[in-house]
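The form predicted on its own is given below as one chain in structure tokens.
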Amino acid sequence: MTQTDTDICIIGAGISGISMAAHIGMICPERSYTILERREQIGGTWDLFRYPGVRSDSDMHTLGFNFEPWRHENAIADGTNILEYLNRIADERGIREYIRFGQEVLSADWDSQRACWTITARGSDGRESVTTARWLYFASGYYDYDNPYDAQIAGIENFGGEVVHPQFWPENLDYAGKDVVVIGSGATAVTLVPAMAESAKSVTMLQRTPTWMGAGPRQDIWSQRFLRWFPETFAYRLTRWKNIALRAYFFGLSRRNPGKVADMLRGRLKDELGSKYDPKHFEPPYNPWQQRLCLVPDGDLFEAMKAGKASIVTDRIAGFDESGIKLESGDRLSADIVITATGLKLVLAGKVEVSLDGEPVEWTDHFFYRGTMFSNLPNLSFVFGYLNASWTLRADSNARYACEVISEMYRRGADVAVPELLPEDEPEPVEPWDYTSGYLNRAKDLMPKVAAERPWTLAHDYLADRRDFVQRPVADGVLRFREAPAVSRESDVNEHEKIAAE
């Protein structure tokens, strides 16, 4: 095999990167790895986002790792506790020593002759460095850390107050006693409004279209019971599988009988809000789970509304003046601060320029393979989380699978593992997802191709994926293993020299 700096190069030290490093330690500890992280701390998303109230929108028994119990009492956790969890795991498992911080990966080129990746990164000091690796693992998330989605809000330059995007939250933003308008209706807005309402004079969530919402407890009562009855690890697994099963059932029901789910959510919202319920603000023009359902922990948004500390306005923006927002209905919202919680901008592979023998990779020319690799791209895997479940469920599955593929390569003495797909065998592409969220629709033209059937699909069904990873062998006849040409030639030369010597 070709000599490289490391066996596996992991890009990103967030949830996905920590999961991969931990799985290497558990499944193939004889393999070396290096993590390149552009930030100065681990955590990824959870280190980037610092806005008030930032929290998980999935329960931590599924957003937590399959190999490490979540021990905090809150199942819906704030960013600080999630970072503590990730840091503890990195330290306990000796992962931190393999992380190179402040390294922005610029490019990665596959050398077919040597069967290795050459990864170029730029350090925080501006210097570039090169790392060679046999396997490249993208754990860089799926949105742009530098450029959030620009909603092109007309006239916002006329506003005389402060404009803030949640992705770049000012460290010392003082909103106490001020009028705040949060533009948006997704998870970020639903999180910000009750958190800011604790000290702001008023907080208004201005939305163009409502989002389906549902209240849920911060603490999981069944988790607490399981912990009293069973050992910690078993209790964690029980809670995790309970939540996986419940979410899968609820999502499946929303596809089979969306009207029933809509009625259920509507009824719960009416119970939560009482006289504050208005269908204009809480009943979207789409079915539940056509966009991600917004979790409201302990109903905090609803409690803030009932207390008169927060409100929701459904309207369109007509323009801005020095001290507020003019609406198409003719109404006006006074504001000292405007928060533009208008969505994310998706990118693939962390904007790294990926190439094969110097030729740029066009992701749209390739099919997803088993939701993590790509047709005709060697020794590379990727994490693109579930849209209807926690990110970590896919991250853990993909990490385990990558380690199994790498182990199989070494068992066979192979240098290359590539899902081969001939042009004449390509299946019919289908839509990558059936969700209507703006940030997803804007990214469709960036995505690799997806087929309806396995293995060339990107399914959003954890239980079906898990069955596939268990039942379908790593060497499934599609994933091909072979030596590098340079290694093969070297072997032939050695063999000839041996024969000549004899």
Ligand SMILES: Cc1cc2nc3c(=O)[nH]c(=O)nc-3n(C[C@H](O)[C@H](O)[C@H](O)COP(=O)(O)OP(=O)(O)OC[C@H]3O[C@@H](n4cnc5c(N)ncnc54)[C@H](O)[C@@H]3O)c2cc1C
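Start at 1 and count along the sequence shown; that's the residue number. Keep in mind it's a predicted model, so treat the numbers as computed, not measured.
Absent from the display: the form predicted together with this ligand. The rest refers to it.
Within this chain, V105 lines the site of this ligand in the predicted bound form, having a heavy atom no more than 4.5 Å away. By the criterion of a heavy atom within 4.5 Å, G43 is counted among the residues contacting this ligand in the predicted bound form. Not displayed here, this ligand is kept clear of D465 by more than 4.5 Å at the level of heavy atoms in the predicted bound form. Contact annotation for F67: none of its heavy atoms lies within 4.5 Å of this ligand in the predicted bound form. Interface residue among T457, S58, T34, S437 relative to this ligand in the predicted bound form, by the heavy atom within 4.5 Å criterion: S58. Annotation: in the predicted bound form, residues S16, Y145 and W391 each come within 4.5 Å of this ligand through at least one heavy atom.
Only one of 255-263, 367-375, 135-143, 229-237 places residue heavy atoms within 4.5 angstroms of this ligand in the predicted bound form, namely 135-143. Although this ligand is not shown here, in the predicted bound form the stretch 189-209 places no heavy atom of any residue within 4.5 Å of it.
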